[in-house]
Structures are given as structure tokens and as C-alpha cells.
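Here's a solo chain for you in C-alpha cells, the form predicted alone.
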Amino acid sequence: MVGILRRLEEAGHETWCVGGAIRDALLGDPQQDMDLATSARPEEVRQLFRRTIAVGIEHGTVGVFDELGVLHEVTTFRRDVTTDGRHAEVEFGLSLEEDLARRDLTINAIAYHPLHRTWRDPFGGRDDLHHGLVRAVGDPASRFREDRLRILRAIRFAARLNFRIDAATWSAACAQASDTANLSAERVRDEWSKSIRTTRSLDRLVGQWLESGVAAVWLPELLPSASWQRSGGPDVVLITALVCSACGPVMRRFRGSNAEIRRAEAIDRGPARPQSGAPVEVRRWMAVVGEATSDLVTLATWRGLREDGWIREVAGVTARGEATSRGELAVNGDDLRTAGVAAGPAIGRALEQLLDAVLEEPALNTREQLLALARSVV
């Protein structure tokens, strides 16, 4: 990274380290992929370096690989011209100060020059880091009008860093929460995903989505904070199911993948647990919920539900290889046709009868016994 900065400066382009990596380094978490802000135009950056990628060249960003193969984003100084609350129209600026002034939060508007060992911190971001404060750059209402996604970012950083949100910033966020309706579902989904992956406390994250009014717009299924035995994690569908009354509508609203939507809807259908921990009840429940079994077990654990042995029995059924679906039976449709079952719907009905018998008595799941049973009911 220093080599990239040095080369830019030797070519006459003022360059600084900026962004989240500076914030994280000041918090004791140094990052390798340091971003750079420079007076050089994108085409000038690409001329100076052999290995580059047009990461977001229309916005002034070029990816440059350092000598270790680490990619660093090098972005031309920018300033906002106009905005509609969703996206800002920017033009290349002339100074670092203009670039820092357009950023969302003070803790993200800090610049460092490793060659001169000097700082640029016009909005007091280092003090806010020291005091555990999330605060908008300049006038909070103006910052949020420029891009309402910044409301969600403020909440995310507060939950991730366990910081409090500055009173004026919070007031502006609440006042403009309803305007987040104009954001794209994809941008909100990405911000929600980042939030639940990085939060230290789901209670706090959920509470601020609710209190700000953002949940009323995007997550009406969000449940009031509770003592979940989980602080967040990488599984977006499962964490969303934990904190919402229904997960399927959320995944549809957020335009999740077909696989995510199917998984969420399977969780919603449930039921959340078997009627009891009796082996036959557990097997019948697993047959009903199918591929959602593992998710529902995990959710029950995170919710601290009363456990009467059914979770252990689920593990036992799996370990013993007991069938809970037609696909796990020791016979298939072709076997049944050979045994004399008429083709068509009768095959399906016969397989269901065989599965029902195996759910009651797993030892019946052998080819010989199932074929004999099938012949007896033809």
C-alpha cells in the first residue's frame, strides 16, 4: 500500500489512506486492504500501475494490486453535486477536505499519510472513536437526505462497535426513517446482511431498527428485542428467521435468491418442534419439515426453547440413518412397479404408506420387507 501511495505522490498526485481501514486500525484491528484517496484521475492511476482493475471507474475508483498481491481501491477525490436520497451524483474534487466532507460518519472521515505520519481529521472522528460515538459528518439531516442508506449504516456501526449514536444524528435518523422506503431492496438487504453478520448484540440492533422507525418500512415482521442466545452471524436467512415472526416475506421483499426464499418459507411452515421427544413423534416431525430440520433445531437452541430430549432424538435419528422421507426408503417407484403396483398415482400412495410404516417402525426399511408390505396393500 505504501508503495502505491509513494508512486502516486512521486508522480505529483496528493494521496492519503482513508476509510474503514483507518477506523479499524485506530480501534486495534489493522487491515491489509487499505483504501487510498488521491488527486489523480482514474486514467492517470491506470497509467501508473501495471496491475489494475476498473472496480468502479465511473465513480473514480480503480483497484490496484500491491507487491504482495493485495488489492487496494484508489479513488479520486470527489464531492457531491446533486442527490435524490438514493444515489449522489458526484464530480471529481480538488481536495482531500472536499472528499472527507461528503462521507457519512465522522469515524469514516479520517485520513492518514504514512510517509509524513500526519492526520487529517476535520470532523473529530478520532475523538468520537475514543468516546464510542457514532456521529454524522456535518449536519445529520443533510447527510441523510443525500442518501437515506446512511441511517442504516449509522445503526450498523453502532451495533458492530458497541457505540452510542449521537443525539442529533439519532433524531435526524428517526425523522427521516420513513424516507428509506425510496431505497432499493437490494441496498437495504445488503445493509441488513452486513448488520446481522457483524453486530455484537442482536438485541441492540433489532431495538434500533424498531425505535428508529426503519423496521416499520422494511421489516414489519421484526420482533421486539429478546434474550436470544445468539449475537449475530454469517447465516442471513437463519438469523432473520430468529428475529422475525416470518422469514419468507422478508426474503421476498429483499429480493433474495430462489434458494433463500424456499429455505425461509420452509422454516416458516414448521412446525417449530415435534409434539414430544418420543422417537416416533420426532421422526414424523422430521418427515413433515424435511430439509428445514437442521434450521429449526438451530433456531430452537438459539431461542432457548424447552428441550425435552427431542433435539437429542433428532441427532439420534440422523446417526442411525432412519428414514424420514420417501427418498430414504429402501425401495423406489421402479421397485414397486416390478412388484405389481400400477403406474401413476398409486405409486405415490404406496410410497407414502410405506414411509408411514417406517416412521412407526424404522426396522421395516429393508427392500424385502417393504416389497412384501407393498404387495399386501396392492
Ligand code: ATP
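As the structure is a prediction and not an experimental result, all values here were calculated from the model. Don't overthink the numbering: it's just position in the shown sequence, from 1.
Heads up, the form predicted in complex with the named molecule isn't pictured, but that's what we're talking about next.
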* Asked: Heavy atoms within 4.5 Å of the named molecule in the predicted bound form: which stretch among 156-164, 214-222, 201-209, 128-136?
  -> 156-164
* Asked: Which of these residues, 113, 102, 72, 145, gets a heavy atom within 4.5 Å of the named molecule in the predicted bound form?
  -> 102
* **Of 230, 263, 187, 79, the one that lies within 4.5 Å of the named molecule in the predicted bound form (heavy atoms)** => 187
* To do: Could you confirm whether residue 150 comes within 4.5 Å of the named molecule in the predicted bound form, counting heavy atoms only?
  => yes
* Asked: Any of the heavy atoms of residue 108 lying within 4.5 Å of the named molecule in the predicted bound form?
  -> yes
* Should residue 362 be counted as a contact of the named molecule in the predicted bound form, where contact means heavy atoms within 4.5 Å? -> no
* Asked: residue 44: heavy atom within 4.5 Å of the named molecule in the predicted bound form?
  -> no
